[in-house]
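One chain is shown next in structure tokens, namely the form predicted alone.
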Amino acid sequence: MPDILPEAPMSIDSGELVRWYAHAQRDLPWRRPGVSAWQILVSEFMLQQTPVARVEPIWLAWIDRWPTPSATAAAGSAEVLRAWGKLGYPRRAKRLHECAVVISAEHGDVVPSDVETLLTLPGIGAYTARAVACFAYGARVPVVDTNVRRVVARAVHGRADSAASVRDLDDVAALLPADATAPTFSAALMELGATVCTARAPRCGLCPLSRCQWRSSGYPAGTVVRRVQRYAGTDRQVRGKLLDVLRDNSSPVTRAQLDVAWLTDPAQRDRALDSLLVDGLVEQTADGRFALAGEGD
């Protein structure tokens, strides 16, 4: 009998993907020539759990107002929280401000280029550190977000969906081309997941990849049960309502002014306010009023 050779492991043709990206990529402002490492870092903070369409106008206004870490660091915490607007998860704004202060004071107003140093900065985790190193400095490092994880699960492993795994970085690192196209490949992999190989309605007819294990296997159904994240009526919504009151007032407000922002459930409102105080997004004045961080004096 002839020897049965093991099937070659699936991979992603980097040339196919990079060529597709050259004409299919979205025109996002943080991808344009001349954008600094700091401005790319700001986009990565804003894009966490937030759609591109909501981020773009706020990013443009932010960069126009505070183009450097030192400019952001010089702004007050309340200014930063107001500029963050409706992006949600406002702790990101606070951490971005803290990050700007450290870069300005300890790194000569220049965003570090290596992953290890980036990981020491406030608000920067494994994904953001690698994204900045890759997209701002062209480092050959694996960048793994939800979109990348999904493409790899389908094209390489033949699974419809994926869950975070300790193997993710190694999987993506093994796919990176050895030449200077590695950063472009990383951006293209992410773009493919965001625009074509989407979670709910993948447009496989537009996929540039000639080989996909999921397609070859007949599109087996997924096994991960995804819960739809509810916003209406949650503590997140109540926190947003309370912050809206404070953003709309340049001086501290009374408890009564905050109370009318959420009359549905007073206990939930109290819980949301307490969490904002704990997170350092809201301050209480000596006379018992409330203000955005930095405006409670």
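Treat the numbers as computed from the prediction; the structure is a model and nothing was measured. When you see a residue number, it is the position in the sequence shown, counting from 1.
In what follows, reference is made to the form predicted together with the DNA, a form of this protein that is not presented.
message: in the predicted bound form, does every one of 44, 47 and 54 come within 4.5 Å of the DNA, counting any heavy atom?
response: Answer is yes for this spot.
- prompt: Can you check whether residue 172 is within 4.5 Å of the DNA in the predicted bound form, heavy atom basis?
  reply: Residue-level check for residue 172: no, no contact with the DNA.
- prompt: Given that the partner is absent here, does residue 269 sit within 4.5 Å of the DNA in the predicted bound form, heavy atoms only?
  reply: Close contact is absent here: in the predicted bound form, residue 269 is far from the DNA, nothing within 4.5 Å, heavy atoms only.
query: With the partner left out of view, is residue 65 within 4.5 angstroms of the DNA in the predicted bound form by any non-hydrogen atom?
result: Because no heavy atom of residue 65 falls inside 4.5 Å of the DNA in the predicted bound form, the answer is no.
task: Could you confirm whether residue 250 comes within 4.5 Å of the DNA in the predicted bound form, counting heavy atoms only?
output: No, residue 250 sits far enough from the DNA in the predicted bound form that none of its heavy atoms falls within 4.5 Å.
task: Have a look at 82, 215, 140, 91 for me and say which one sits with a heavy atom within 4.5 Å of the DNA in the predicted bound form.
output: So the residue touching the DNA in the predicted bound form, by this definition, is 91.
Among the candidates 107, 157, 95, 211, the residue which, in the predicted bound form, approaches the DNA to within 4.5 Å (heavy atoms): Going through each option in turn, the one that passes is 95.
message: Based on heavy atom distances of 4.5 Å or less, which listed stretch (107 to 115, 69 to 77, 174 to 182, 187 to 195) is in contact with the DNA in the predicted bound form?
response: Looking at the other structure, the answer is 187 to 195.
query: Going by the DNA in the predicted bound form, which residues of 119 to 139 come within 4.5 Å of it through any heavy atom?
result: Counting only heavy atoms within 4.5 Å of the DNA in the predicted bound form, the contacting residues of 119 to 139 are 121, 122, 123, 124, 125, 126, 127, 128.
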